[in-house]
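Just the one chain here, laid out as structure tokens, in the form predicted alone.
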Amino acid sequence: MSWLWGAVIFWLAAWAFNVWLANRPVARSRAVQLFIPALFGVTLLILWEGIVRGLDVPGVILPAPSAIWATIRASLPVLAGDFVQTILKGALSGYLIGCGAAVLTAIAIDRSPFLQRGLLPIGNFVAALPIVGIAPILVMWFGFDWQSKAAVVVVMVFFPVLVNTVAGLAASERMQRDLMATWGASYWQTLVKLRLPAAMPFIFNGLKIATTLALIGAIVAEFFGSPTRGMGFRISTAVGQLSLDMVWAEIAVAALAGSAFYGVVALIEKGVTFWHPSQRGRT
């Protein structure tokens, strides 16, 4: 029980320090803004470790963070292979294809009133389809390798990016579009110089949502058929073997990859939409 009480006391002390630090003027600095959530995450891991050790929780129910870290260190080649198969091949390729197709489709919808009335309702219907129903079908169509996982990711990311892009293309003001017409600008000139720049905050909102959906889609698709590698495959087999430390190791790698993926997209957004009030307010 000493582990449990020590972890609880440390967590409460770190919580009080974080609250105190967040209310100081120094909290506006970039270093402190990164330190506060980092400390909060570390305290949660220590509390988790203390609860598992203090209450003697079996590893088949909830392994300690130290056991998960030991599994990660001992299984780096396996985890690296699963990362390449699921994230780089399945999730990333499907993300690029799905988001690119969504932006092009949004431009076509913006250009055609027929597509606005006909395609968007179909998109709503497709977006409502459960992933556990679509994934087995796409695995049967595209095989058991990464192509079927990429196809599932395309289906998952397409509609959020499409909806946000269509909304963004309509975000420019009527007066601005009339001014472009007064200058004799064509549709494509107006699109490139006015409407797409104005739509960038909306597009990046959809792209950031799609980062998490891409990872979820690729991992879930591997539950329905995969070669002998991949995060979803490893999780399903490890659960059957009651190897919960490997399951949590894969979850940790997926969470870190998803956070890094989201951060890269957010960083690109900051560079592209530096003119937007939301970005100026963060600097």
Partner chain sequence: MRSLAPILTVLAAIVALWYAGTVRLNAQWTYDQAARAGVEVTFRELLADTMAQERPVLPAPHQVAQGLWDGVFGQKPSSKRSLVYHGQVTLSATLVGFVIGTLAGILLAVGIVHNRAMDLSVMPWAIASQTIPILAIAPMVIVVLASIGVTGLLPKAVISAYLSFFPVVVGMVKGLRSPDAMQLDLLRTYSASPAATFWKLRLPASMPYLFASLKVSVAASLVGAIVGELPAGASAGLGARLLSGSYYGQTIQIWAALFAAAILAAGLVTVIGVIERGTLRRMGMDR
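Positions refer to the first chain, counted from 1. Take the two forms, find the largest set of C-alpha atoms that superpose within 1.5 Å, and that set is the rigid core. Nothing here was measured: the structure is a model prediction, and the numbers come from that model.
Just so it is clear, the following notes concern the form predicted in complex with the partner chain, a form of the same protein that is not shown.
- Heavy atoms of every residue among Val19, Ala255 and Ser259 are located within 4.5 Å of the partner chain in the predicted complex.
- The partner chain in the predicted complex is not approached by Leu104, whose heavy atoms all lie more than 4.5 angstroms from it.
- Shown alone here, Trp15 lies within 4.5 Å of the partner chain in the predicted complex, counting heavy atoms only.
- Although the partner is absent here, Gly81 sits far enough away that none of its heavy atoms falls within 4.5 Å of the partner chain in the predicted complex.
- The shortest heavy atom separation between Gly41 and the partner chain in the predicted complex is within 4.5 Å.
- Judged by heavy atoms within 4.5 Å of the partner chain in the predicted complex, the contact stretch among the candidates 94-102, 139-147, 69-77, 162-170 is 139-147.
- Taking the partner chain as positioned in the predicted complex, the residues of 57-89 that bring a heavy atom within 4.5 Å of it are, in sequence order, Val60, Ile61.
- The rigid-core alignment places the CA of Val265 less than 2 Å apart between this form and the one not shown.
- The rigid-core alignment places the CA of Ala80 less than 2 Å apart between this form and the one not shown.
- Comparing the forms between this form and the one not shown on their rigid core, the Cα displacement of Leu119 reaches 2 Å or more.
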